[in-house]
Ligand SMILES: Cc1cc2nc3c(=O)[nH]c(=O)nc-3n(C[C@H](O)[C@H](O)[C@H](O)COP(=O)(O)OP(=O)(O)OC[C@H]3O[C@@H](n4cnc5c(N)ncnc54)[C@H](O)[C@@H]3O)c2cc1C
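Shown below, as structure tokens, is a lone chain in the form predicted alone; questions about how it binds or moves come after it.
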């Protein structure tokens, strides 16, 4: 029996751990915790099938300079973070051509179109099928100009097989009576679904992992020991040395620094996302709502209404800017005029983004027993179970699809 060490206990890491357990391996997960409070806990909780068009959209890039000067914009950059992010932005801009956008979207479609089936199989395995609500998402637009800002992205997504229906604002209000009555247009994203509680999801996955004999070590990884082309041990923040036959690096934004210590530098930027869970929202929603103009979405969790969104480029150890969470709640009242905002619980999660928006999945050349499962950006929750299946196949020695090469950590060596 092989011993496997998974570095990172978020939704991707713990999903990999469970999939490897199912292969018969003895698995240890290394994560400083708290369990369930990684990037996904500050999200809209969506299984975002069809969220495939990369961030590097030309129309969006034209708005970036103005956004960066506005601390309340959907995308923001702390000035202190700029020097360290310049190389990342350079790579990011190189992916803003129509050809590269379509290639990226096609690759992401290959992954996300499998996500719902993989996720449902995972929930069935842990006995929690009710955590998933299979109900489409609504995107709301003020006017024609507002809707047109999403036109190219929707066209590309549709061309690759996504089901997106155009409806009027009045029709959207019939579906969700709580929304404001002056939206002119809306779209229904038919392939999406949402999780009723991302925190409980990760906690349930972790509990099952431990019940099945998995070990959870509440420490951070700080370095590695190598023997030639193999990693022999990971060193922890408490000075412990954890040995294994194979390792999975699923440490989110921390994977950037850890990968450098392995000699495989990964261009990962930490983008902070904010959310507020409102336990007394006074509105009754059945679907996730997105208001692209405001840069946020809202999902009816089992413990309150989550208002989540924005993208903020920040340094790895930067403190949260809670004003961004407060701004989202203020803007949410434009969408839901009757929204109650008392006693909200604010959250922040750091999302690991790559400059080409593709996650990093697979084994790099030169390291025989290290596998990467990171860089998922806003798709960690969506792709946790799918990534786990691919990593388990690779470690078990099964043939993996040729399409997986698009997500290799080695792609950054020549790009």
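Numbering follows the first chain given and starts at 1. Computed from a predicted structure; not experimentally measured.
The form predicted in complex with this ligand is left out here; the points below concern that form.
Comment: 267-275 is the region of 204-212, 267-275, 124-132, 332-340 lying near this ligand in the model of the complex, near meaning a non-hydrogen atom within 4.5 Å. The putative spot formed by 42, 219 and 381 is fully lined by this ligand in the model of the complex; each residue has a non-hydrogen atom within 4.5 angstroms of it. Although the partner is absent here, residue 409 sits far enough away that none of its heavy atoms falls within 4.5 Å of this ligand in the model of the complex. Under a 4.5 angstroms non-hydrogen atom cutoff, this ligand in the model of the complex has residue 11 among its neighbouring residues.
When this ligand is considered in the model of the complex, residue 140 lies well away from it, no heavy atom lying within 4.5 Å. Proximity of residue 355 to this ligand in the model of the complex: non-hydrogen atoms within 4.5 Å are absent; the residue sits far from the partner. Only one of 187, 153, 162, 258 comes within 4.5 Å of this ligand in the model of the complex through a heavy atom, and that residue is 258. Scanning 219-254 for heavy atoms within 4.5 Å of this ligand in the model of the complex gives 219, 220, 221, 250, 251, 252, 254 in sequence order.
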